[in-house]
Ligand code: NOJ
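Below, in structure tokens: the form predicted alone, a single chain.
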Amino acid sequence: MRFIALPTLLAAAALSAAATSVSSPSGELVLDVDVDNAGTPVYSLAYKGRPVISRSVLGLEGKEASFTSGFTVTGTDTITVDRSWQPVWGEYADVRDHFRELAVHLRADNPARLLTLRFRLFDDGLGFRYELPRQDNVNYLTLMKENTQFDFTGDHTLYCIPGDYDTDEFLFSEVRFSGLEDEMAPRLTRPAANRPAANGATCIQTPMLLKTDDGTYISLHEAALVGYPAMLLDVDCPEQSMTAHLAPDRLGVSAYLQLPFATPWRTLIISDDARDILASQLILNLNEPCAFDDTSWIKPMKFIGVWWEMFTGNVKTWAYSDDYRAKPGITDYSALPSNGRHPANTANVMKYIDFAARHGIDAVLVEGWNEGWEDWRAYRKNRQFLFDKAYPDFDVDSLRRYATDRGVQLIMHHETASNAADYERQLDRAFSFMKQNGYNAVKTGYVGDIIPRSEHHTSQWMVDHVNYVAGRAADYHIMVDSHEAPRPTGLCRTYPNWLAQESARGGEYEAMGSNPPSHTCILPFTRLKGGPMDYTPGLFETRLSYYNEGKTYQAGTTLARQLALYLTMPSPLQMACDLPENYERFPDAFRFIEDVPVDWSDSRYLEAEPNRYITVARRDKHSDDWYVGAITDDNAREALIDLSFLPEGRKYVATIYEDAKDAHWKDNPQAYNIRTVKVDSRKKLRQRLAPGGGAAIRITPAEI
């Protein structure tokens, strides 16, 4: 580790010209900070001599005090840091954390207020936050608004989704500033209670991406979201400006802060090479190191699950019985008959365990195992999920023994119907039940618009809740996969047991309207910048009419592309989402899912353009094998796969899982070929990708 501290540049009442500016270690990014005539903090940012953010204001507005104007600079501190750290899991075995930091200390009088603005400038972007130190006049701050502004410099192209306090499960739009209002207007179909008020602006969510006409890419998000609501963005389209919009509580309050307090980091990842956006570790670098010493119990894994059965034909159900309406006060489910359509039963789960054991899949997820699903949408009113009580047809003891004997883990599912307050009440009992029965991972769910107290899914209260669950799970050595939670901001570094989240439109939508091929070509540039996603790849039967003639939905993918997603959508928790019988129809293709790792020592992004295509190579953390994944949108293309990342002078064999010549995501999605070729570091593969298609490659050292 290298840590270089530079002398304080200035400690005076005003910044000198030298102190208002700091550059990234490479010098390509230059930040300027100042206060204007009203004493309002302002900043600007340039990349390679071109303005990226023009003069933009900063500030926080509270009921007890305003931290927006009247400031003078009392001093600055600068340091340069160059160090590295080793993630428990991830895309890289080592992550470099190299930045120059500028802390600007501000004071305002009448009444006295103190504020520090902390900026970290990396070679690939900027992170900054507000720090409210202890004050003579303010101990608590009822925060009403954050005035962070991002004034952009042109009619850039935006890749974004509509603003919403309770869901981010939307398809992305590709639109310029000038067309954003017209693009978003017809998409605002959710109830007004879930959406930010217009206030003359169009609201969108982070993480989002911009592309300038001169080919600069800018990813905008936040890091280390703790004790604070999630950030949306109000967009002034004519002015090409964005302003932070914080998810409020039911009283319209953004946050209740006890000083001293530091806000999350606002992040900008910037490059003129789209591959750098994908490779950036800036958001992880801005999070705190791991919160606990022992991480030996954290195991990245692949899993299958009793899940897709409930989506395919509207036949199977999470609920055990259909008789609950006749007996709404029932407390003994053994008195009710099974509906016969409940797949979370002992015999069926044993079949999944057998399949996992035969194919080297680590774990089996079971949804619908516990009491409460019959009237789960009314859970918040008069019923209750129980997280330590199984349905009569789910034998916890037998399944524990059966799975253990076959070397397979079971993953528990905790759906809360957004009653997060009750989940916290049951949490220790639920986690104790998991440990007693050999479960080392849980998938949490928060389906529903409003949780108790009329909070939102992205409000301060809910942010605190999901962070608390991750921390409490770590106390029990339990790994977490959270769904319908606030979008991630890199906290998986602090809580590496928080393996994955949903927090975007995932693979389940293939049964609820389908995802176009471009969807997984934009998610790595946006949603995945905050952390891994439980997207649920591995869909081999892509036509829902296969199960139900009345279902017309079809996944926007070829079979070969589904294999590539294990590389282009990296996660330490990867599902093989399809039914075991579908994998048995294509055993040679399923071999790739058996083989592909979920933890990496190195990653190389070879080709990338947002919403169009991605090609990436990754090295297995536990062997010398490399894997390559390539995907495209609904246009066929030829991927150029430069293998120069391979060690020189060493021979390899590449097993290529590719689209057949006549493959097409809509017309012929299951057409694929498997072939092998000899390769080395001098080889460049030209790989055809069908419309909506992809290719997955395993590269292993050749036997001498």
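For every residue, the number given is its place in the sequence shown, counted from 1. Quick caveat, the model's predicted, so the values are computed rather than measured.
One more form of this protein, predicted together with this ligand, exists but is not displayed; see below.
You can rule out all but one of 343-351, 234-242, 577-585, 483-491: in the predicted bound form, only 483-491 has residues with a heavy atom within 4.5 Å of this ligand.
Residue-level contacts in the predicted bound form: of 590, 311, 170, 261, one residue has a heavy atom within 4.5 Å of this ligand, and it is 311.
Of the residues 413, 619, 505, 465, just one reaches this ligand in the predicted bound form with a heavy atom at 4.5 Å or closer; this is 413.
For the three residues 46, 99 and 119, a heavy atom within 4.5 Å of this ligand turns up in the predicted bound form in no case. In the predicted bound form, this ligand sits beyond 4.5 Å of every heavy atom of residue 166. Proximity of residue 307 to this ligand in the predicted bound form falls within the 4.5 Å heavy atom cutoff. At the 4.5 Å threshold, heavy atoms of residue 566 stay clear of this ligand in the predicted bound form, well away from it. Residue 367 belongs to the set of residues with a heavy atom inside 4.5 Å of this ligand in the predicted bound form. Counting a residue when any of its non-hydrogen atoms is within 4.5 Å of this ligand in the predicted bound form, the hits in 427-456 run 443, 447.
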